Structure formats: structure tokens, C-alpha cells
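In C-alpha cells, the next block holds one chain alone, the form predicted alone.
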Amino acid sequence: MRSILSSQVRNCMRGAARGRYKTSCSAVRWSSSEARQWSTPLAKQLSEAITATGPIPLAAFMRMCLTSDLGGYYMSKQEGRDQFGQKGDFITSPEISQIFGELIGIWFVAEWMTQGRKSKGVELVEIGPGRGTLMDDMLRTIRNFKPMASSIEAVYMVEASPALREAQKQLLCGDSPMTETSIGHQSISKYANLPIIWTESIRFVPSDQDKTPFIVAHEFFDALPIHAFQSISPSDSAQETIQTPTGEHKLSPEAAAKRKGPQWREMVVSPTPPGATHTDLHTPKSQQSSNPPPEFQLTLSKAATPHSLYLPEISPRYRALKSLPDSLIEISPESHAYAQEFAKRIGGSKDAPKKQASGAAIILDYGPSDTIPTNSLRGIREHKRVSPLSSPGLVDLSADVDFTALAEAALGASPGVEVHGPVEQGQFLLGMGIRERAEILMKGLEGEKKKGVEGAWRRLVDRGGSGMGKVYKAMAIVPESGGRRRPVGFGGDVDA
């Protein structure tokens, strides 16, 4: 997915700071019995939930839109609908060129070689595998390195969507039957008869001392829910209430006294007023012509929430902005948790040290290299920018990845790992040999086929226009080496 900023979200968040949208962006409540026509069943369910509890965090809205059993974007299978590829809502790097997946496979082979060529206990783990294209290209490549291929005990696909799990099974396993297991489902790969095991959470993937996990997360973190916060100026009087799902509650005098001064407020989601127009909601003109007004809106919580009291205090990067009025930050606790899990599996933790750190994780996604994401929530449908607050379940929602936060989380979780990057995707792929691989594939090709291969690999590395080389980044988590080596693609070479 291209990184496309949602102007509507940006305008609404800025307007909240200035009080510009007191009418159109105010929280509105009405009886669930009122006859309002919603775009999807999920939209109706969300409105009813908000009617009962009040405005909800942006993270809760994103989670429902993407993974709800009632028509969540990734959870449902509809005839003629495909989220991925040219005919879907967006296209990812593995769908653009097979070389992308081949080079990720080579990267893991290089790490396997550098770490001593283990003969057993290797696990391949993909988080959020999409249609399975990336893993298919990886396995096809790794089978050419027979010693490593024979060391792989299993391939784990962490996937919550039954529809996507079925698509992955068809691609990776063909006609092999799928059976239920204690942790999910299992089938046999068409490559080397490897077991392919599906589970809904990485927690179910074995994490023994003698395991060597090679983990890939491609365009996964951008789909994890975010909380958005805005700093407000100090108040002459102490804050006396806190907003929770059960309503607004008074703080104790002691707690209220501590809340005097600059504060964080959470951006929350509520339905738009019935009959609201694009003009009322300040919808960008580019989204008005063929789209009805969004059914939901972002508003600034009028009181602190549990999240606003805690999340912006977990890092000095956030705390430094608290005293600057109208500062905006986005935080994804689930992203932090995944980065911590990757690190612990590779390097152990203080409470459960690993005798010898082994394995590696590579994260490929889009976002700033070293700044905190702001105003990055976006909606994509049929390769076009749409409001992320419209048609819940039919629009892909994503946000920029905070790579620095991922690095902080990984390093804080395990003393046995180090983090490299992020580096631009173009730099990473060129370092991995994408140009040379493309030249091999183009030998003997002519006309449109040759032009297709050429255009595809260049799109992955180009830094401007429609290229993905600059916006997308790569980050690696590997065993701690005391600065003695850098992974291939991050400035290092293969230590055979």
C-alpha cells in the first residue's frame, strides 16, 4: 500500500485543537431504534456500541473494522472481492515481483549460515501472511539450499482470518488436506513435505530453548490499531474527571491535583450527526464526488482516558512533547508487544534467558525512519484513497509504523538481541541483489514480458513517483554480536 495521508483525519484533528468543529465533530448520541441507514452491518454495530458506551478509542474502531466477525475487512470472504493484487484494494511487494520473496528467503539463508548452519530446530514464521505469496516465494527459494531446507521443522503462519487462511492453504499446499490441531490447523507444503501450521496468535508457536525462529512481518504492523493523542495547554484548575467506557468519573483529590498542568487527550471516534454533509465534515474534494459523507468522525476527548494517562508516558520521546500544546502522536501498543515477542524468541529475556541467541526477524513496512507518526490513518479501497471513517469493513485501514518504537520495545524486552535499521526498502533490496536477479530473469525474454519484469523490480526500489523504495523501510532483529557484524542488506556480508 502506498502511504497516503487522509486529509479528512488531519483536518478534523487540527480542528479539534482550535475548537473549529464544535458542531460537526461533537459526540452525538441517539437511540439505536432510530431509522438510520448504515453502509454495512458493522457500521450499525459500531454505532450501537458507541451509543451504549460513548466515543471509543481510534484503536478500538480500527480493530473492529479490520477483524470483527461481523464483516471485518480481513475476516470475510465475498464473491468477487479480493483485498490484494491488481483487482483488489491494494497491491503489496510480493504481488508486484517474485524477486521480493526470493530475496527475503535469501536473507534468511544468509542469517542461517552466519549463525552456524544449524541442522535442526529451525522455524519459519510469517505474521499476517496475506494470500501466502511471500512465503511461497521464500520456500521455493530456500529449497535450493538443501542443508537449510532440511533443518526446517515447520512453517508457522500467524493468521486470524479464516478466508485468508484458506487462500494460503491453496497456494502453499494445493490439494493436501487441512486438519485441525490443538493450536489451529495444519497441512503439508508442496515444497519438501514441510508441515504448514496455522495459528491465530504467535503465542501458540513453540518457543523452546533449542528453536531457531526466522520471522518475517511484511505490511503487518501498519494494520495494527493505533491510539492517537493530542497535548493541551495547562489548566488553571486541576482535572477532576476521567472518561472511561462506563462514563465520566471523578478523580480523587490527590489524583486530580497531580493532573494540573499540560495534559494528553485521546482522539476518539463517534458517529457523525444524521444528515451531515461533506461541507459539514470538511471532507476533501477528492473524496466527495463518488462517496457519501463518512458515517464516523474523530473528536478530541473532553476528559482524560485511561489510555491518555498511561501510553504517552511510556517513552521519553512522547513525554518530551507533552508541554508543547497541540502536539500529536500515535502509539500502537500491539506493535510494541509483537516486537517484544520477536526479541524474546530470538534472544531470550531477563526472566527467561536463552542459552544461545539464535534466529532473526525482518520487518518490512512503511513509516518514518526516526520520528513519531502523526495524522497517518488512511483508508484505501480499490487502489483509491477514501475516508478511513467510512464504510466499516469495506475499507482497508492502516497507519504509519513507528520503527523507533519497535526498536525500543525489542531492545527493552531482550538483552540478547540487537536491532539494525530501518533502512529504505530500495537500499535493502539493492544490497540483496535485486538488480542482478532481475537481469537473470530477463534473459531470453522480449517485449512486454521483459518490460514487465523490469518495471516491477524498479518499482520496488525507486524513491520517487509511484516507487516504493523510499517510503517502505526494512528493520532487522538479530542475536546480539557486540557490534562485530551487520546483517546482509543492512551493510553487512554473509559470514559463511
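Throughout, we count residues from 1 along the sequence that is shown. Since this is a predicted model, take the numbers as computed values, not measurements.
FYI, the form predicted in complex with a small molecule isn't displayed, but the following is about it.
Only one of 218-226, 344-352, 136-144, 320-328 places residue heavy atoms within 4.5 angstroms of the small molecule in the model of the complex, namely 218-226. At a distance of at most 4.5 angstroms from the small molecule in the model of the complex, none of the three residues Glu111, Glu153 and Thr212 contributes a non-hydrogen atom. In terms of contact with the small molecule in the model of the complex, the residue from Thr51, Thr67, Ser39, Gln45 that brings a heavy atom within 4.5 Å is Thr67.
Only one of Val158, Leu281, Leu103, Ala413 comes within 4.5 Å of the small molecule in the model of the complex through a heavy atom, and that residue is Val158. In the model of the complex, at least one heavy atom of Leu164 sits within 4.5 Å of a heavy atom of the small molecule.
Contact between Thr299 and the small molecule in the model of the complex is not found at the 4.5 Å heavy atom cutoff. Residue contact with the small molecule in the model of the complex: Gly130 places a heavy atom within 4.5 Å of it. When the small molecule is considered in the model of the complex, Glu295 lies well away from it, no heavy atom lying within 4.5 Å.
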